[in-house]
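Okay, so here's just one chain, in structure tokens, the form predicted alone.
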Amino acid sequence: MAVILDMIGSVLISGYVILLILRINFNMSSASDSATTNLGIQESLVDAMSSVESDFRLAGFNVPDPKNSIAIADSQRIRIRVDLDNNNTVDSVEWYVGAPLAKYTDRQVRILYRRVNNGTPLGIAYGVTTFKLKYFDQDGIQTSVLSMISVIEVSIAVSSTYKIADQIDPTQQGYASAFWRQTRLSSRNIKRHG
């Protein structure tokens, strides 16, 4: 009888150890997935902001009249004029977000596009949930007058397109996200009064 009890006890303990190992494995894979997704989101955001900043800082380069450096400026779209390849031909660079992507569970995700001249738009960042622009004159006063814009504030938020397990509580799920705001983005090529 003691042998049977010992066998039942060892089976129960073995089962508990196996369940414990499976739980640890699940937690480790969830943490790895979360870390990888978070890193990817942050890298995507940094790449997008680097591209946006690079173009905005060039606004007005080789443009005959710097007051015409910005052609369109609204809260989610901007078109700037710049000589991108330094060939004395003024190019237009447009930044905007597309429509929400219906194929993902997070219905707010969109693609941030960059279009040069009237070419095909190039998707720069996927999973963009926020792309907001504010415009200021050289005195720091918000303006919508194109010829007065001297400083641009850019806000971009990027989110994962699928839910991941929370790193602290793996039973909870949510979207990984990252946010960046550049508050004083200006071009040295655009000189205003004085």
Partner chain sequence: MGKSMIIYVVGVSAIVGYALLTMGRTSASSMDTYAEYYSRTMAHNLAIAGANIGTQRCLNDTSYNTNTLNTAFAGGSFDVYVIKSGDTTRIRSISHLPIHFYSFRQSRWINEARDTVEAVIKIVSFSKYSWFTDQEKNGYVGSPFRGGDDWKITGDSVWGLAHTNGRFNLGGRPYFHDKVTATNSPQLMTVGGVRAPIYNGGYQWGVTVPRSAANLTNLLTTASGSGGLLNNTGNDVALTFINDGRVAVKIPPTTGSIRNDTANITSLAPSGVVAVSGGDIRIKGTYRGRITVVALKGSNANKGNVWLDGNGIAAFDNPRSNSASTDMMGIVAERNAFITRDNSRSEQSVFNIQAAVYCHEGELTAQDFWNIGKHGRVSLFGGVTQKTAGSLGTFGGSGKLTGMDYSIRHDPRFLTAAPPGYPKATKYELVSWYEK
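Positions refer to the first chain, counted from 1. Here the structure is a predicted model, which is why all the values come from computation and not from measurement. Note that the rigid core is defined as the largest set of C-alphas that superpose within 1.5 Å between two forms.
There is also a form predicted in complex with its partner chain; it is not shown, and the following applies to it.
Taking the partner from the other structure, its partner chain in the predicted complex has a heavy atom within 4.5 Å of a heavy atom of N62. Although the partner is absent here, E153 is not a contact residue: none of its heavy atoms lies within 4.5 angstroms of its partner chain in the predicted complex. Taking the partner from the other structure, its partner chain in the predicted complex has a heavy atom within 4.5 Å of a heavy atom of R57. The shortest heavy atom separation between K132 and its partner chain in the predicted complex exceeds 4.5 Å. Taken together, the three residues S14, V17 and L39 all come within 4.5 Å of its partner chain in the predicted complex, as judged by their closest heavy atom. Of the residues in 138-154, those that come within 4.5 Å of its partner chain in the predicted complex through at least one heavy atom are, in sequence order, Q138, D139, V145, S147, M148. With the core superposed, T183 shows a C-alpha displacement below 2 Å between this form and the one not shown.
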